[in-house]
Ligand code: CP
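Form predicted on its own, single chain, as structure tokens, below.
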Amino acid sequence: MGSAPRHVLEVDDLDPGELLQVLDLSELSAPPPVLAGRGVVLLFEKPSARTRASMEMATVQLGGYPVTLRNEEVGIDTRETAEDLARLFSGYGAVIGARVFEHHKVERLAAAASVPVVNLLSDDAHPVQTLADLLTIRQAHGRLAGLTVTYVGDANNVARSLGIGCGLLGLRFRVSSPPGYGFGAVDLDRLEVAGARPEVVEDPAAAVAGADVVYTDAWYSMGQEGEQRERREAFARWRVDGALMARAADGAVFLHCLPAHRGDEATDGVLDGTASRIWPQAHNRMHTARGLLQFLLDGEG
């Protein structure tokens, strides 16, 4: 019998050395076909453009076949329990990826699966996005340790995973959010455990000052469309425009996990400006997905 499978449900399921290894594997121009003759089963409770395309392409690039199933075909805990789905798809694929709402569903999939499970997004975490973010930052600046990353906006799952990744690899992490939209005590404790020691700065201009990376996300995500007007009013001071970016360090880059609501969380001038790295960042979703899959499969017992 082989060893228990490795799961990646949050960034710190990888230690710092493993995280750097995944980033290095992501840049291989000719990755080995570790998925030859095998598949990756991808479960989507909620739709996605980048996640589906990047995971499917990464699987093909490693010689495998992606099997993508939407919520109406799977129905986690409605048609079948998470545990039964994990047992089923462990016999079909070498890896299971799941994009869900409640984080406990990926935890339960992992507990019952006999193959690696990767969290493709949950309400609590977005580790595969953070892998792409860190690779993009390293490509832009040539290093990671010692850089300052400022996240401006809704302190959501993307922000939490980014903060954990920064903590693991020695980046300084600042966050600035409108009142009521910042990290709660549980999130701050979780970041501290990962070594992130987030610096919470109320004023977005002060938070961005001297930063090497300025990062934002949509003010409202899937399922929050009814809050658009309220959130636009609350977040107005946290819009990333040219004046805010001008406060960042020389050579600073702008990141956004996309999709962007242009003119809300960031202006076109920033999204399409010289500091923007949003398209390399989006493309790195595929490269880091490939690196992560290779890491997980290279380590098979």
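Please read all numbers here as calculations on a predicted model, not as lab measurements. Heads up: residue numbers just count along the shown sequence, starting at 1.
What comes next is about the form predicted in complex with the named molecule, which does not appear here.
- This chain lacks the partner; the member of Ala49, Ala236, Ala243, Ala36 within 4.5 angstroms of the named molecule in the predicted complex by a non-hydrogen atom is Ala49.
- Only one of Ala252, Leu271, Cys257, Leu62 comes within 4.5 Å of the named molecule in the predicted complex through a heavy atom, and that residue is Cys257.
- The named molecule is not shown here, but in the predicted complex it comes within 4.5 Å of a heavy atom of Arg285.
- Contact annotation: Arg138 falls outside 4.5 Å of the named molecule in the predicted complex, judged by heavy atom distances.
- Proximity of Arg172 to the named molecule in the predicted complex falls outside the 4.5 Å heavy atom cutoff.
- Taking non-hydrogen atoms only, Thr130 never approaches the named molecule to within 4.5 angstroms in the predicted complex.
- Contact with the named molecule in the predicted complex, defined as any heavy atom within 4.5 Å, is confined among 258-266, 62-70, 244-252, 28-36 to 258-266.
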